[in-house]
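First, one chain by itself: the form predicted on its own, in structure tokens.
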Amino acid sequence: MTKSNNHWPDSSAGLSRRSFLKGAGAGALALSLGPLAGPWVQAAETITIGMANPLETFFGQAAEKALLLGIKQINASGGLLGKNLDLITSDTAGRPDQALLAVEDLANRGADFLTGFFFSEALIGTIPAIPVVRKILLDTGASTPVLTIQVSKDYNNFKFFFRLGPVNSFFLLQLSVGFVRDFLEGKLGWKKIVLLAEDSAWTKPITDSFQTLLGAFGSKVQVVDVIRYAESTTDFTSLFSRAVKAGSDGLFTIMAHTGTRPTAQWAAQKVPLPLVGINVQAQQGNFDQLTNGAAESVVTLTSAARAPVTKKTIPFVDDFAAFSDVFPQVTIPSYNAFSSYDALFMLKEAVEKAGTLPDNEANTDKIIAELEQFGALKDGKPTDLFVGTTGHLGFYQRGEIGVTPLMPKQAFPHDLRFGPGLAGGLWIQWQSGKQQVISPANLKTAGFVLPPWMR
């Protein structure tokens, strides 16, 4: 069963409960387990965006709010090719099996384009559906490189997939290693770290190669222990003791699904190690409340924040906070809210350039070709970059290799380019209940602080 969205914007946004329930009946939506109705559905009144996400989570709600905000703005300015946009949603529940059904559900209900996803395992679960539904799918939350590798291996069946954020796991690793070298080692003088990673698909490329890449990047920092823990872990006491005994300068976290529990226990136990790294839960605007104030001094990588990443970033953050049509309690955009908003407006630009809707595969290919032009190489440099909220965005091309030192012969077509001036991210630290940017220097809003018990 999929879950319907109980929050509905005003009719001026071109959205309605009627359009959501069209073809589904007035009760709960029964998910068809039979053959799909067919990948090409004539769009009569509206252009429908289908979002698949864990709907009951902060990240699902933030992504949905960002899409509804963007849809309202687009519809208010004349729509897309003269048509209003509409949004339908389907719940992945964070599971691979349910994510597969969610994609089929959205296709059966007439979605013209697909977007969403948060858990990498859930995105991987959609692989069988992509060649069948044959609809453009814009990933805005999962970092696994598996899908873009599929684009490289089987373009005809996976050309529909594009990643709008975050950058893939290998690039997240490079960003993390760069932060360790330039900031933790270069500015704070750290010499040893312990990796604390949840045991999930997206973290394995990072933990497996962290020490090797530190050496390749010219860093002398040593990874003195790698602690991978099950997502069901409830007591982190022994893991913290192990990290302290290893003689580390700090804990470098690599966690998406489980950041709240270890953070709360870390603060309660006054673990004498700073907590820095990738902690996706710490990107939530209410993380300080969720951890009862334990967020103080926690550092995480994120895609964007209220800083002048581009000319669009601060206006989006402020518009998101003021947009109260849905989820008024969600006031700070998550990383996938930024990328969802960017995906919508990049798609709008590509559709307008193509001058067509995806009502058959030939027209879908025209839109795909326009999406591929974002970041296309000219004289070895990416061109036609889309100005998003998270940076100047474009995609790697088919056959373009050597983009990561970890897999130099692997191409990642339709994956988000990263680097200075492109996509990547920034590092924020919780200070006095607020998210402050500590790196890069040109976006800095505060300096690094130690946990209260270490000051």
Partner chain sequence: MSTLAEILISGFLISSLYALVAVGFTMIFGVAGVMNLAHGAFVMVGAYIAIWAATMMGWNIYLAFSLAIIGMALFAPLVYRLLVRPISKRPVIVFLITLLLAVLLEQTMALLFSTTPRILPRLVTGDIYLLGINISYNRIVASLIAVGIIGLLWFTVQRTKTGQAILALSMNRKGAALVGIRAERITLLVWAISGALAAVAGLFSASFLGISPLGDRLPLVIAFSAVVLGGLGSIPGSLWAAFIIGYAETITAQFFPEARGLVSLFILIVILTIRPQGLLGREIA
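Predicted model, so just to flag it, every value in this text is computed and none were measured. Here the rigid core means the biggest group of C-alpha atoms that line up within 1.5 Å when the two forms are laid on top of each other. Numbering follows the first chain given and starts at 1.
Below: the form predicted in complex with its partner chain, not depicted.
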Next item on the list: Although its partner chain is absent from this view, report whether residue 58 comes within 4.5 Å of it in the predicted bound form, heavy atoms only.
Entry: yes
Next item on the list: Answer yes if any heavy atom of residue 264 is within 4.5 Å of a heavy atom of its partner chain in the predicted bound form; otherwise answer no.
Entry: yes
Next item on the list: Tell me, yes or no, whether residue 229 is in contact with its partner chain in the predicted bound form, where a contact means a heavy atom of each within 4.5 Å.
Entry: yes
Check: According to a 4.5 angstroms non-hydrogen atom cut-off, is residue 239 in contact with its partner chain in the predicted bound form?
Finding: yes
Note to self: Please tell me whether the candidate spot formed by 363, 369 and 397 is one where all three residues come within 4.5 Å of its partner chain in the predicted bound form (heavy atoms).
What the structure shows: no
Checklist line | Stretch in contact in the predicted bound form with its partner chain, which is absent here, among 283-291, 209-217, 347-355, 160-168 (heavy atoms within 4.5 Å) | finding: 283-291
Margin query: Can you pick out, from 296, 319, 359, 199, the residue that has a heavy atom within 4.5 Å of its partner chain in the predicted bound form?
Written below: 199
Note to self: Quick check on this chain: which one of 233, 222, 73, 373 has a heavy atom within 4.5 Å of its partner chain in the predicted bound form?
What the structure shows: 233
Notebook entry, point to check: Superposing on the rigid core, does the Cα of residue 359 end up 2 Å or more away between the shown form and the other one?
Noted result: no
Check: For residue 226, is the CA shift between the shown form and the other one at least 2 Å following rigid-core superposition?
Finding: yes
